[in-house]
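One chain is shown next in structure tokens, namely the form predicted on its own.
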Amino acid sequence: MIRAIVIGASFGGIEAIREILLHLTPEVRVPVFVVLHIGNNRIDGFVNFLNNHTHFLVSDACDKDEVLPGHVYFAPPNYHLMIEDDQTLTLSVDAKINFSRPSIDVLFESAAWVYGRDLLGILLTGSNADGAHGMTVIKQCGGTTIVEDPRTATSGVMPMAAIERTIPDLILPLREIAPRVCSILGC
């Protein structure tokens, strides 16, 4: 049973994340954690848009937030996002990984350790290898992995790095990911 979803994206990620979150049904009541490579930029307008057009409560993650179902937590600019065993969030300014802070690998690894086989990891468009290692850890912990088809991604570098590093459970065009997530969750 899936108890959490993690999503990672970089170049082209706003459009990809919007596509997924807009098409998840209200029955998806698990927490969703997102790393989007945005540098030092805020995405308040995007967060507001998602709050107004999805059934989720969407916000930047805050240190020590309690993880709640039906919430989407974005890693804030320049902070790594981690999930703790006690179902709280931790933010960190540790060194960049794959030139990125927040790092997809950091989120994916911490989520894999907490949720194990009950985690669904989704890696989307991007221009570096961040997330490939994290997808490997999710698989090693028994979680389910979905990678956007590199041929349909805005930038296929990130999805291809994950495919080369591990064998994802599914490789799907972007428009097919949300319906498949709903199917996996039994919606």
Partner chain sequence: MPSEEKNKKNQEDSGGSSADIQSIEMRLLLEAVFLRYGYDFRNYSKSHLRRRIVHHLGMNSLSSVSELQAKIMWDRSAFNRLMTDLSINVTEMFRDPEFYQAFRTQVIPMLSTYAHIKIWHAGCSTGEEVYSLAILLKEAGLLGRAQIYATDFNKYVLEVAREGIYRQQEIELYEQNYLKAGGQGKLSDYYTSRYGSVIFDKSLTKKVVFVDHNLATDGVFAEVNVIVCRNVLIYFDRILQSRVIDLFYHSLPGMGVLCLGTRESLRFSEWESSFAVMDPVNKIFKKDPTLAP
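Numbering follows the first chain given and starts at 1. Computed from a predicted structure; not experimentally measured.
Keep in mind that the form predicted in complex with the partner chain is missing from the display, and what follows is about it.
Partner contacts here mean any heavy atom within 4.5 Å of the partner chain in the predicted complex, and among 122-130, 151-159, 56-64, 30-38 they occur only in 56-64. Candidate site formed by Met82, Thr88 and Glu109: every one of these residues places a non-hydrogen atom within 4.5 angstroms of the partner chain in the predicted complex. None of the heavy atoms of Asn52 is located within 4.5 Å of the partner chain in the predicted complex. At a distance threshold of 4.5 angstroms between non-hydrogen atoms, Gln140 is in contact with the partner chain in the predicted complex. Applying a 4.5 Å heavy atom cutoff to the partner chain in the predicted complex picks out Thr88, Thr90, Leu91, Ser92, Val93, Asp94, Ala95, Ile97, Arg101 from 87-102, in order along the sequence.
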